[in-house]
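Next up, structure tokens for two forms of one chain, structure 1 and then structure 2.
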Structure 1
Amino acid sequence: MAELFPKEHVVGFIGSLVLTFAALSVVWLDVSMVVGMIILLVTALIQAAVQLMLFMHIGETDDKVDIWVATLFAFGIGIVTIIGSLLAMVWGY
């Protein structure tokens, strides 16, 4: 019965909740801009790692090159989307 219990998923879910509340603490505690951005960046990176490792099982395949290429491609698309949004909405281009 122990092998049927999704222990890794529960640990990932609890970890995600803890990281979400850590990020929310930036708003609740009204910290400075620099400290808030550092907390948000760190929690976002850890959250992404938790999601990739525990829920998307990125480390469980033998074909690591394709997984990392797809991950880097998705990261690049995200960066282009963010920069494009900033160009259009903030900088007025």
Structure 2
Amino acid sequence: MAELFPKEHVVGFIGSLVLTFAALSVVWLDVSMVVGMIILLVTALIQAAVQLMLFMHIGETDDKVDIWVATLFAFGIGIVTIIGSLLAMVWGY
């Protein structure tokens, strides 16, 4: 019975709900801009990890190297886009 119980999915499901409400709390809690942004960023990163690993099971198949390379590529592009946008509109404006 134990192996039939989809533990990962349940953990993932509850985890993603908790993370969503944690992020939403920024709206209600009276925190500073910096603290709010940190909460959003951290919950977003954990949320992405939960989705990718617990729901999409990346890293559990034979082609996990390809998948990780592609994910890291996308992650890298995302980081570069953020830095470039800050450069264009805030730091270097």
Partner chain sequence: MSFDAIFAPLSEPMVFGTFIGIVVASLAVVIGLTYFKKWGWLYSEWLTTVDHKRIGVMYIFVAIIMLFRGGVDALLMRAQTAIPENGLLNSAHYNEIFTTHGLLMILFVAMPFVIGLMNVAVPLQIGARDVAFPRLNLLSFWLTVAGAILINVSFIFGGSPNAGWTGYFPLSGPEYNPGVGNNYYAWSIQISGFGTLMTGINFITTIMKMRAPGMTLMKMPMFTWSILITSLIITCAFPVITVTMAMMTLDRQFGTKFFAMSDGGMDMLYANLFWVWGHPEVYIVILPAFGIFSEVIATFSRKNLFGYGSMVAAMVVISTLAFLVWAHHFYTMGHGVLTNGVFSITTMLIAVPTGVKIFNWLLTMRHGKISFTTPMLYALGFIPIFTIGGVTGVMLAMASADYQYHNTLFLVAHFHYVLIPGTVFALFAGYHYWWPLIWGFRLNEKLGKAAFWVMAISFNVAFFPMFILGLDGYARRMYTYSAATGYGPLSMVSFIGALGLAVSFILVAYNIYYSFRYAKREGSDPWDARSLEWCVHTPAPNYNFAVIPTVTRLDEFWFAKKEGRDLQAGKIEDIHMPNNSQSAFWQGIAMTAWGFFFVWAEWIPAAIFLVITLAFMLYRSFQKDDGYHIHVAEIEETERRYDENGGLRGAK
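Treat the numbers as computed from the prediction; the structure is a model and nothing was measured. We call the rigid core the largest set of C-alpha positions that still match within 1.5 Å between the two forms. Start at 1 and count along the sequence of structure 1; that gives the residue numbers used here.
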(request) May I ask which of the two structures is the form predicted on its own? (result) 1
(message) Does Ala22 move appreciably between the two structures, meaning a CA displacement of 2 Å or more on the superposed rigid core?
(response) no
(request) Would you tell me if Phe13 moves between the two structures by 2 Å or more at its C-alpha, with the rigid core held superposed? (result) no
(message) Using a rigid core fit, what is the CA shift at Ser85 between the two structures, in angstrom?
(response) 9.1
(message) When the rigid core is overlaid, by how much has the CA of Gly76 moved between the two structures, in Å to one decimal?
(response) 5.2
